[in-house]
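To begin, one chain is listed below as structure tokens, in the form predicted alone.
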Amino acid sequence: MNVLGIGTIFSRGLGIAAWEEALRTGWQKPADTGYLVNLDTVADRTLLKKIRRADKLSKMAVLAAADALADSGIGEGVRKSLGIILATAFGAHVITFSFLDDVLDYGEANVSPTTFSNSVHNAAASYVSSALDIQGPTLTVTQFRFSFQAALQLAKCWLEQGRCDYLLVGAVDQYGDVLGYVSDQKLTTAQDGVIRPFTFTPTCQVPGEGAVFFLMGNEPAGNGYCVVEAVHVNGDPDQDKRVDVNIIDADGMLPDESVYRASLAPGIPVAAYAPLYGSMMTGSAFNLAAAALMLKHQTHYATPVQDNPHGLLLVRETRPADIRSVRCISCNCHGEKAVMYMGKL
């Protein structure tokens, strides 16, 4: 399964170029509210005008998906054979709470039907389909952990079965006041805005949101990045495989992330890029985008926050490198692990 195009939107901009620029320039202090997306800074309003009734979650998904499709360069003729798989941890929780507030304030008979329709979990994927005129199968994968990895596994099945020729596979999540309140009560918020991935415990979170989409296909084509060689959930049968770089999640949703330390092999450089996009449970998608850029450009991107109390072999500088394979590691609160293996095209 080949990555042929990538689209991103996060606090520092829209597009894969914005993500690569963040990887090169490193950490920047976020706003007081966290690493949040400002849709007002999107220069081209064409797509946003088409989906003006959509909520922020859906708008982020549409913009990232459109960017991935454009980045791939595969042309307009694939819309009928193009599918969509969208992964999310919390779904449209912001608009759902807004809908519930309206029910309490105005009664069931007086709530907005638009608010209700946007609260449906598959709404974001439907907006992507309609806004981009995509006519293939569409599905939303929703679960707290490993939703993006599950979407990749499903994508591999669809492509192998011939259900579609290409797939837009992506992840999107949004920050909201309720999520912020729960996180502040149950987790530790980094008061200085710095996520420190390699301290492991106690871990600190800074809210983040955004979307990442990948244009996937079986054959190399267009603006190819890398090959997704394997995706494993709840285990790693290839854990003894030698890779050139490990990238770990650091979403701040675990009070103790020491399980990551046990997943790292001595002698293999490790990086973590959560300080660039914030704490979000689908951050694995951003890490896959970082790995894809590493493999395409044969470049190490310096890990942006390099506090290293355990003496790990960090990727400390951005420089050319011979990179053949990258492993992205994600862990949940039960100590279960999901891994993605990417290889050079």
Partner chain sequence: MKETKILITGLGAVSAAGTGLAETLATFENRKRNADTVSLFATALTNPVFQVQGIPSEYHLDGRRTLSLALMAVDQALDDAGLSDLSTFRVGVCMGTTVASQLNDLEFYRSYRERGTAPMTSVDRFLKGNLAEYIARRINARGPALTVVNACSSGTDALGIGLSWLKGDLCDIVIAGGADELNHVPYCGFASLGIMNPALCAPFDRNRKGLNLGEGAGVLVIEKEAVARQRGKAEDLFLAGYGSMGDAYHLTAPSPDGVGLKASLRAALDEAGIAPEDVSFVNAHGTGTLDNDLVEGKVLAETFGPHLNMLSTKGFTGHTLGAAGGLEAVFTAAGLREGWIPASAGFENRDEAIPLAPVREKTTVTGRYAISTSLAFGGNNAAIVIGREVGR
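Positions refer to the first chain, counted from 1. Bear in mind that the values here come from a model prediction, so they are computed numbers and not experimental data.
Heads up, the form predicted together with its partner chain isn't pictured, but that's what we're talking about next.
Counting only non-hydrogen atoms, choose the one of 174-182, 268-276, 189-197, 208-216 that falls within 4.5 Å of its partner chain in the predicted complex. Comparing against its partner chain in the predicted complex, the contact stretch is 174-182.
Within 4.5 Å of its partner chain in the predicted complex: all of 134, 234 and 334, by heavy atom? Verified in the predicted complex; spot residues all in contact, yes.
Give a yes or no for residue 150: in the predicted complex, does one of its heavy atoms lie within 4.5 Å of a heavy atom belonging to its partner chain? Flag for residue 150 set to yes.
Determine whether any heavy atom of residue 240 comes within 4.5 Å of a heavy atom of its partner chain in the predicted complex, and answer yes or no. No, residue 240 is distant from the partner.
Taking 4.5 angstroms as the cut-off for heavy atoms, does residue 118 touch its partner chain in the predicted complex? Flag for residue 118 set to yes.
Please check if residue 201 has a heavy atom lying within 4.5 Å of any heavy atom of its partner chain in the predicted complex. Heavy-atom contact with its partner chain at 4.5 Å: absent for residue 201.
Though its partner chain is not shown, can you say which of 264, 78, 221, 103 has a heavy atom within 4.5 Å of it in the predicted complex? Only one option qualifies, and that one is 103.
Work out which of 228, 245, 259, 141 lies within 4.5 Å of its partner chain in the predicted complex, going by heavy atoms. Selected option: 141.
Taking only heavy atoms into account, state which residues of 96-132 are within 4.5 Å of its partner chain in the predicted complex, ordered by sequence. Result: 96, 97, 99, 100, 101, 103, 104, 105, 108, 109, 111, 112, 113, 116, 117, 118, 119, 120, 121, 122, 123, 126, 127, 129, 130.
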